[in-house]
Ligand code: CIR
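Just one chain follows, in the form predicted alone, and it is written as structure tokens.
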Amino acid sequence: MSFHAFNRAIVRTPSRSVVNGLRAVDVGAPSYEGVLAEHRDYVRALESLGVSVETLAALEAFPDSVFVEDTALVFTGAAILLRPGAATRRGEAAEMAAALDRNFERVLRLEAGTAEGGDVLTTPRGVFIGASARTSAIGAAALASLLAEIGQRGFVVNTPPGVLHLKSDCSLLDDETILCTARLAAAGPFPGFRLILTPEGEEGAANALRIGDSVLLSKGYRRTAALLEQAGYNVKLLTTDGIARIDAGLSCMSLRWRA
């Protein structure tokens, strides 16, 4: 069975407060209607690929709560509730707890440090945890210990300076291949993997999402799309103009697993 054969996902409807989401560089707020439309298209794309999607209610108190990936890690039969590094997002994890309890036989909780799911790349060879401004060294080490409890092996790596999350700069394309920016590749965090580098100026394309036989990719990255298609991948393009304004990409909007 393919490592990317997800059949379940959890998403959360964007709140109207999403226009106030966190951003490293302010290029203008997205519109609520725009983010909502992107989210709906995203859910439809998941469903078209055979994924059963559970949609949680919007949380107006948490502008970034549409980005559920930062609150938890999910695997077949087990999940880990995380502790976001951004203080304004801490309450999002508590709001995710009930959904995890409904869907997983075992739910562990990160108690030390901070860690966000955007800093975690799960691969067949282990789980890479990127230490960053959002995932502390203490949190990364504690997360590695929790992963060991559910039979997963964690590796702590460094996220390049100025990069929000590890997965801002990489994504798993198949069991042997990672789509990666040149700046992350230079740090050498993924020994033994084949790397496909994003073209210069399209670093944001690195946050792609492989589901089944398809790779979801942000629509603005035409050169990356051509590169992946030439490499034999089935690419599906989605609009992410709004969520990109609040430092997010395709993986951020769902928790995905094989039930």
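In case it trips you up, residue 1 is the first one in the sequence shown, and so on. Remember, it's a predicted structure, so these values are computed and weren't measured experimentally.
Just so you know, the form predicted in complex with the named molecule exists too; it's not on screen, but the next bit is about it.
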>> Against the named molecule in the predicted complex, would residue 237 count as a contact residue? Criterion: heavy atoms within 4.5 Å.
In response: no
> Does the 4.5 Å heavy atom contact test between residue 252 and the named molecule in the predicted complex come out positive?
Replying inline: yes
> Does at least one non-hydrogen atom of residue 38 fall within 4.5 angstroms of the named molecule in the predicted complex?
Replying inline: no
> Though only this chain appears here, would residue 118 touch the named molecule in the predicted complex if you measure heavy atom gaps against 4.5 Å?
Replying inline: yes
> Quick one: of 164, 93, 146, 157, which gets a non-hydrogen atom within 4.5 angstroms of the named molecule in the predicted complex?
Replying inline: 164
> Just one stretch in 212 to 220, 38 to 46, 226 to 234, 60 to 68 has heavy atoms within 4.5 Å of the named molecule in the predicted complex, so which one is it?
Replying inline: 60 to 68
> Are there residues in 25 to 50 with a heavy atom within 4.5 Å of the named molecule in the predicted complex, and which are they, in order?
Replying inline: none
